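Presented below, as structure tokens, is a lone chain in the form predicted on its own.
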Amino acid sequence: MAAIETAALTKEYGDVRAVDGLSLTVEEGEIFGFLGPNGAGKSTTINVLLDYVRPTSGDVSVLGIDPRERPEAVRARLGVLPEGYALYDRLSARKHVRFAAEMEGVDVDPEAVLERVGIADDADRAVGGFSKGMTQRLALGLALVGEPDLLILDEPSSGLDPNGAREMREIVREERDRGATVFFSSHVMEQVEAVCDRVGIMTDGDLVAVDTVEGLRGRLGAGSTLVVTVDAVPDTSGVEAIDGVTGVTVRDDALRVSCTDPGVKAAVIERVSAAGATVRDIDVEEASLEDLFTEYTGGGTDPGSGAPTEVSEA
């Protein structure tokens, strides 16, 4: 059973179509990155999943349940970290966790929850004195109360320092490993690339791609760049003639070879050596998720025409 499934989901606000025929499947037990520029329709989609807004047309299922018909049944199995959450300034972190547990009808150890998100030492401090990073950690901890089947995290690394962001990623992986599904929206591409099994990219209300990061690279032909450092730069014509090599540039004592086929890297090294150069170092640079995001959302060519490409993982 899919954790999230929509079919031809559309939401209009007057003359504005915020979500346009969204058909999306998020499998149980995966970490799914949900990306898009501001105004792409991500927040509207999340609000539909939570039954905060009703779609204009189309179907939606969350954990096998239509949230329009049984919203309480859906919310009972969700953990949500919204982007615009509100906490009670005068209450301590411990009391926040106790309150969340009461609302969920579960028995939890507040100390254990706060220890997991790294703020156990501040359990009895009023939240009004917390930093942005500390409140973000607490909000994540509240989302974890009750071991939800589905976590919906909107900008979960907001306000976190590098250590906090790393710990957040570890928690997300732990939740997946226990069997939960994580639906993860963020503008921080490095966080998404580091933790997500698949990603979906929206722009102007349309879903333009769904795949692994490697699959997105392949769809755009955005392969890798092989950086070969040599003792002396040789004639590059032999390297340029290799099938799967799309370009060669020289910078100082290094050849930067653009490859659409990862299998050609050995042939590149052989051609460089055959041309009389001694290879001193080899490095590989992959197109980043940020680069891919720019291409898919209109920063480069427009790959988003037609239905999104989806590739099944082995």
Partner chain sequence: MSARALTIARKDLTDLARSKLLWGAALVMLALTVPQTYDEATSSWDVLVDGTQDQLLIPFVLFAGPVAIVAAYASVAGERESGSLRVLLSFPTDRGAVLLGKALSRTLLLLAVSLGTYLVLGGVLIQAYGTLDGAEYLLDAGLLAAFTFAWAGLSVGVSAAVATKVRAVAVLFGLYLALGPLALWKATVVRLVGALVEGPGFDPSELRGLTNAGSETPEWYLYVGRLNPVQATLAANDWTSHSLTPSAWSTGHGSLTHNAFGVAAVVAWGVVPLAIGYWRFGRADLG
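Numbering follows the first chain given and starts at 1. This structure is a prediction, so every number in the text was calculated from the model and none was measured.
This next part talks about the form predicted in complex with the partner chain, which is not shown.
Single option in G133, P82, P234, G205 placed near the partner chain in the predicted complex, where near means a heavy atom within 4.5 Å: None of the others qualify; the residue that does is P82.
Of A120, V227, L87, A194, which one comes within 4.5 Å of the partner chain in the predicted complex, counting heavy atoms only? Contact residue from the list: L87.
Quick one: which of 162-170, 112-120, 90-98, 184-192 gets within 4.5 Å of the partner chain in the predicted complex, going by heavy atoms? Result of the contact check: 90-98.
Interface membership of L255, the partner chain in the predicted complex, 4.5 Å heavy atom rule: Because no heavy atom of L255 falls inside 4.5 Å of the partner chain in the predicted complex, the answer is no.
I'd like to know whether R280 contacts the partner chain in the predicted complex, with contact meaning heavy atoms within 4.5 angstroms. R280 lies outside the contact set for the partner chain.
Flag G179 as yes or no: does it have a non-hydrogen atom within 4.5 angstroms of any non-hydrogen atom of the partner chain in the predicted complex? Taking the distances in the predicted complex, the answer for G179 is no, it never comes within 4.5 Å of the partner chain.
Heavy atom of R198 within 4.5 Å of the partner chain in the predicted complex: R198: no, not in contact with the partner chain in the predicted complex.
Members of 105-124 lying within 4.5 angstroms of the partner chain, judged by heavy atom, in the predicted complex: Heavy-atom contacts to the partner chain in the predicted complex: only G105.
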